[in-house]
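Next comes just one chain, in structure tokens: the form predicted alone.
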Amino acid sequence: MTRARRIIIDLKFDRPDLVAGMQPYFPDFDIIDLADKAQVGRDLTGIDYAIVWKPDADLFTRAQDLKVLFSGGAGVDHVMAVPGLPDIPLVRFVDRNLTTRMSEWVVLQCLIHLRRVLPYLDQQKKRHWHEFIQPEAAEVTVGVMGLGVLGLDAATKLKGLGFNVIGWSRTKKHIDGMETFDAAGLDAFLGKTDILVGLLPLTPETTGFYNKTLFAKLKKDGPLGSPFFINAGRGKSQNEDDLLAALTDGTLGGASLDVFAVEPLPQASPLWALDNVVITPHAAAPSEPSALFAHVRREIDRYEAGETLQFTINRTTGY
């Protein structure tokens, strides 16, 4: 007897129609949604695939026969932190839709700080008329940290608007038309950067990476008057106490933050009250369910045809 094909979803997305939206892509699968209370305690052995976002802590003890894991987003730290992670391929979500959304958000935030949108909004509330100096994009250097799919696309679109764009990654990358730096060149990279864009994955090395020491090395005499910080990578990569201090003592002129160490950002966080900060609720590049399910189906078809999976994570580096 042929075993029924089954796939687990444990996505924590606030979408009641997830299973209905997934069915057109998986008409030949029994979809097991762990958000369904009827699935509590269900035997998950004998299931080959799971799509997860911040999966339940007992997933891997309940589903011991998994062959491939799919992240519901671009990051995978939420999966790698779960105890008992099996030694099987872990595939991250890479899709044109997600990449485009991230680049839109990064470009928007750079323009907000370039064109002094926050001070102008404050003036509007006060009915005050005063013009601020606004440099041209070509005068401003945006330093992108993380030169994967998301970072490269954002850098390309920023260059198209006229920004001078430089890039940093742990190991050297050679990219036409862009000055790049590796770990040894971190200080040189920071010293040239007016707007720092964080798109790094979360690893032990990047936890708390954006801290007071790093912020102090950013360019101080640039055309914006002080440097700015944009983070849409991972919240735990920023030391929020250091970030708060830098935003209030003038080390940073402002920030745009989409990710935080604790999400939702606690109401008591003093970051909410800062008028030089843009806060968005981890919404820079939300996973579009239909794009996610199409991506997973393509990869499962490749896997079952004996082809190599795409976008798998190196378990040593964490990306």
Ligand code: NDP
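Residues carry their position along the shown sequence, with the first being 1. As the structure is a computational prediction, the values presented were derived from the model and not from experiment.
FYI, the form predicted together with the ligand isn't displayed, but the following is about it.
S.K.: Does P89 reach the ligand in the model of the complex, with heavy atoms at most 4.5 Å apart?
M.R.: No, no contact at 4.5 Å.
S.K.: Contact between L114 and the ligand in the model of the complex at 4.5 Å, heavy atoms?
M.R.: No, L114 stays farther than 4.5 Å from the ligand in the model of the complex.
S.K.: Using 4.5 Å between non-hydrogen atoms, is W168 touching the ligand in the model of the complex?
M.R.: Result yes; W168 sits at the interface with the ligand in the model of the complex.
S.K.: Since only the chain is shown here, I'm wondering whether V79 would be in contact with the ligand in the model of the complex (any heavy atom pair within 4.5 Å).
M.R.: V79 lies outside the contact set for the ligand.
S.K.: Tell me which of 140-148, 81-89, 106-114, 156-164 has residues with heavy atoms within 4.5 angstroms of the ligand in the model of the complex?
M.R.: Among the candidates, contact is made by 140-148.
S.K.: I have A74, K173 and L199 flagged as a candidate spot, so tell me whether each of them has a non-hydrogen atom within 4.5 Å of the ligand in the model of the complex.
M.R.: Verified in the model of the complex; spot residues all in contact, yes.
S.K.: Though the ligand is not shown, can you say which of A284, A63, A255, I51 has a heavy atom within 4.5 Å of it in the model of the complex?
M.R.: Result of the distance check: A284.
S.K.: Taking the ligand in the model of the complex, which residues of 224-244 have any heavy atom within 4.5 Å of it?
M.R.: Residues within 4.5 Å: A232, G233, R234.
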